[in-house]
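Alright, two takes on the same chain below, each alone as structure tokens: structure 1 and structure 2.
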Structure 1
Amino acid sequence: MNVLISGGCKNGKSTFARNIALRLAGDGKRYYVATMIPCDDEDRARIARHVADRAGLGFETLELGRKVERCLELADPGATFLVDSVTALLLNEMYPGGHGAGVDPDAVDRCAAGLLKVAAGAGNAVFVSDYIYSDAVRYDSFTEKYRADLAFVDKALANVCDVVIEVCAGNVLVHKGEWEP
């Protein structure tokens, strides 16, 4: 089963996704695919919280800030994979030389293709993304492109996922498929 979870930043998506991954994995193998490449103390603190939150739950962590499909080569592909997050992965793919480098114009296609490979090859996959593309505010051209690219990647994932869920202010909205908490 493939599940996409989206919603606002810091809305409980990761905790919700972790619980879904645990349920899907049962007694089976589970992997946490960590995509964030930390840039500052806030990123490092967020990573530390996520590590603490999943301590003792049997997740093996695979740190893959780019080329997420490698998780299928590094782990048992029949297992359950929790990919957190699509948002960070896309940003990393956009800047393969780091945040001071130029934007890679092929990043969105590469990111979507890698995630679709995970969806097709994993026993179960749970993807976490941020719903940042419906805001009415207009941003600079880079941010608008990033938002459009993330919407493209999320739409590609939504098309192949069995379940699509939005987490908003603690509310769970199922947009596709069926899921009972």
Structure 2
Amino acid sequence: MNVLISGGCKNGKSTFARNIALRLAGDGKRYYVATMIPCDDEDRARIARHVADRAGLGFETLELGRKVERCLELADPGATFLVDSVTALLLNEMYPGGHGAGVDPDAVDRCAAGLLKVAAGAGNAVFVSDYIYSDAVRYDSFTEKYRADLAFVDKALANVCDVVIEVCAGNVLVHKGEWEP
């Protein structure tokens, strides 16, 4: 089963996603696909905390900031994969030469294709994205393009996922499929 989870920031998406992944995995193997590439010590400290949080839950961590579909080769593809997050993955794919280098115009297609491969090939996959589409801000063209691209990837995932969930201030809205909290 594939599940897409989105919503605003800091409202429980990752915790909720982790619980869904645990339920889907049952006694089977579960992998945490970490897509954030740390830029400084603050990032590294946060990542270390997250790794410790997950340790007791039996997740093995795969750090894949780009080409996320490699998780299917690095691990047992029949397992459960928690991909956190689509947002960070797209950003990394936009800068294949590292942040600060040139932007790759094909990033959005590559990112979507990689995620769809994971959805098609994994035993179970849970994808976490961010809902960044409902504010009264006129963004610069780069940010606006990023928003449009992330929405493209979100919609592609929503189309193939069995369950699509929005987490809103810790509450759960099921937009597609069925999920008993």
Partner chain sequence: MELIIGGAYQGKREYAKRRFSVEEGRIFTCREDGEIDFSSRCIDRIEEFTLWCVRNDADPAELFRAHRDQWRGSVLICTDIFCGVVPLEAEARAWREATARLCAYLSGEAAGVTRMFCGLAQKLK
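We call the rigid core the largest set of C-alpha positions that still match within 1.5 Å between the two forms. Just so we're on the same page, residue numbers count up from 1 along structure 1's sequence. From a predicted model like this one, the values you see are computed outputs, not experimental measurements.
- Here, the chain labelled structure 2 is taken from the form predicted in complex with the partner chain.
- After superposition on the rigid core, the Cα of residue 63 moves by less than 2 Å between structures 1 and 2.
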